[in-house]
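To begin, one chain is listed below as structure tokens, in the form predicted on its own.
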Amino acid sequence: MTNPMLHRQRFGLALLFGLAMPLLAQASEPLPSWNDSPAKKHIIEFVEAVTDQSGKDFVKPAERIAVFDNDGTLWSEQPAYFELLFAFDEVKRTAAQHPEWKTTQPFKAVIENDHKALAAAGMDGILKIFAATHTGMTTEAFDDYAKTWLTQARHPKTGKPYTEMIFQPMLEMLDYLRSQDFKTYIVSGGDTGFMRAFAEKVYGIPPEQVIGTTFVTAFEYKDGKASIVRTAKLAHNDDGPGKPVSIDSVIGRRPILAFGNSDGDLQMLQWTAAGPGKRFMGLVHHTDAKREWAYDRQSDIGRLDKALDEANSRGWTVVDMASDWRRIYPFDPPVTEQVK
């Protein structure tokens, strides 16, 4: 004779199991904010190939090096590079300590929000602003200034903290790679100290795995206190060909995966591609004017021209933001249909 109570228990367990299965499958699926597009397929196929111990493409964990640009690849870079906006705000914050700035360009232009005069100052003007706001202080002081700004400042379009203007699909990729014993690095044109102020908390990338543009530093021992002082002399520009140089110098291993979004990342991708064995080279293509911005070949910020041509000719993975990503930012609701 069948026990009715036992039957109900079995039915209840079966029902719960059936309801839980889709949730469990979704939780275990890598890259849930990516649409089932070729880009997602290429990433997963690459990772599975290099982590399969029985396969011909297996790569030992110690050699699973993945490098990522930051601006435009891990977080947004419009309407201007976020670090540049930090520098402008620092000029305004410290202007009272520099009365000469009221009549001296490019500082006068920053204080008065004179975009035309600022544009006329060009790259030389930008370098002066960076020297004034990034150097002449200890590394601890600069870290404090950067963290304070990141806590208080808000993006002009979304009103969100800049550390929330990060790409959810790329966060998932970083997590996915690390779950497969990859070591993830930032290799970006931004100042190393500025990126270290948030990279571990936001991306899970520790300070020693953040590589960027650096100023010459000097050890100082004063009044019984030891410190490292940032000087105004540029030590290394971590952009373009500077990226593979710093990778070779700091990491000492050629990456097997590299991700960027602009021509400034081209040499890093070329350096990665030139190694033996299976390689992955990827570009984030900003095609989504509705949820983010759409720009590439003619943009003054994050220009993607030569790198896009090379990616297309060499079969690298180009991520179309509008069609490949279900959501852009962590605060966005996911979409089930392509934006295009």
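This is a predicted model, so every value here is computed, not measured. Numbers for residues come from their place in the sequence shown, where the first is 1.
In what follows, reference is made to the form predicted in complex with a further copy of the same chain, a form of this protein that is not presented.
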Item to complete: Counting non-hydrogen atoms within 4.5 angstroms of a further copy of the same chain in the model of the complex, say which of 297, 291, 41, 314 makes the cut.
Response: 314
Worksheet item: What is the one choice in 122, 161, 156, 206 with a heavy atom within 4.5 Å of a further copy of the same chain in the model of the complex?
Response: 206
Item to complete: Although a further copy of the same chain is absent from this view, report whether residue 244 comes within 4.5 Å of it in the model of the complex, heavy atoms only.
Response: yes
Item to complete: Using a 4.5 Å heavy atom cut-off, state whether residue 147 contacts a further copy of the same chain in the model of the complex.
Response: no
Worksheet item: Any chance residue 134 has a heavy atom within 4.5 Å of a further copy of the same chain in the model of the complex?
Response: no
Discussion item. Taking any heavy atom pair closer than or equal to 4.5 Å as contact, tell me whether residue 218 reaches a further copy of the same chain in the model of the complex.
Written reply: yes
Practice prompt. Check, residue by residue, if 128, 303 and 334 all come within 4.5 Å of a further copy of the same chain in the model of the complex, counting heavy atoms only.
Written response: no
Worksheet item: So which of 262-270, 98-106, 113-121, 81-89 is the stretch with heavy atoms within 4.5 Å of a further copy of the same chain in the model of the complex?
Response: 262-270
Worksheet entry | Heavy atom contacts to a further copy of the same chain in the model of the complex at 4.5 Å, residues of 148-186 in sequence order | 183, 185
